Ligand code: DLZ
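One chain comes next, on its own, written as structure tokens: the form predicted on its own.
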């Protein structure tokens, strides 16, 4: 999807999200970008039946802290899925590589240890323009894509747990 419009989805394939609750953990670093990602995710959730009061937002200082924020949100609230939103932009040092790997591994680990899905919505771009293009610009909004993934995964989780 990254090479096309991140905001495009087939409305027929989206499960009913009414009554679901979602946590959204948002990095404050590159706030112009993460604000756009959150706006896209929030709108997509509401457009698909989630009540605004059933969207719990938690801000964390940076993308590396998304894992802890998501873990604490899962531990302290009753949500059907968590969306993590961050923006990492390549700089001149290896810091970018370490943070990208750390947050990727952290979110993956949460997906194997929690009983709810955690959606990886972290942009890892080479330039600020690429981040702008993917947070509501010419390539759409990764936040929308993450919200749709969260709805689908929460629904799958509910169906499979009901069969247990």
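What you see is a predicted model; the values in this text were computed from it and never measured. Residue numbers count along the first chain shown, from 1.
The next section is about a form of this same protein that is not shown, the form predicted in complex with this ligand.
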property: Which of 95-103, 113-121, 132-140, 40-48 sits within 4.5 Å of this ligand in the predicted complex, heavy atom basis; result: 95-103
property: 4.5 Å heavy atom contact, residue 54 and this ligand in the predicted complex; result: no
property: Exercise: residue 30 in contact with this ligand in the predicted complex, heavy atom 4.5 Å; result: yes
property: This ligand contact at residue 74 in the predicted complex, heavy atom, 4.5 Å; result: no
property: Interface membership of residue 79, this ligand in the predicted complex, 4.5 Å heavy atom rule; result: no
property: This ligand in the predicted complex - contacting residues of 103-140, heavy atom within 4.5 Å; result: none
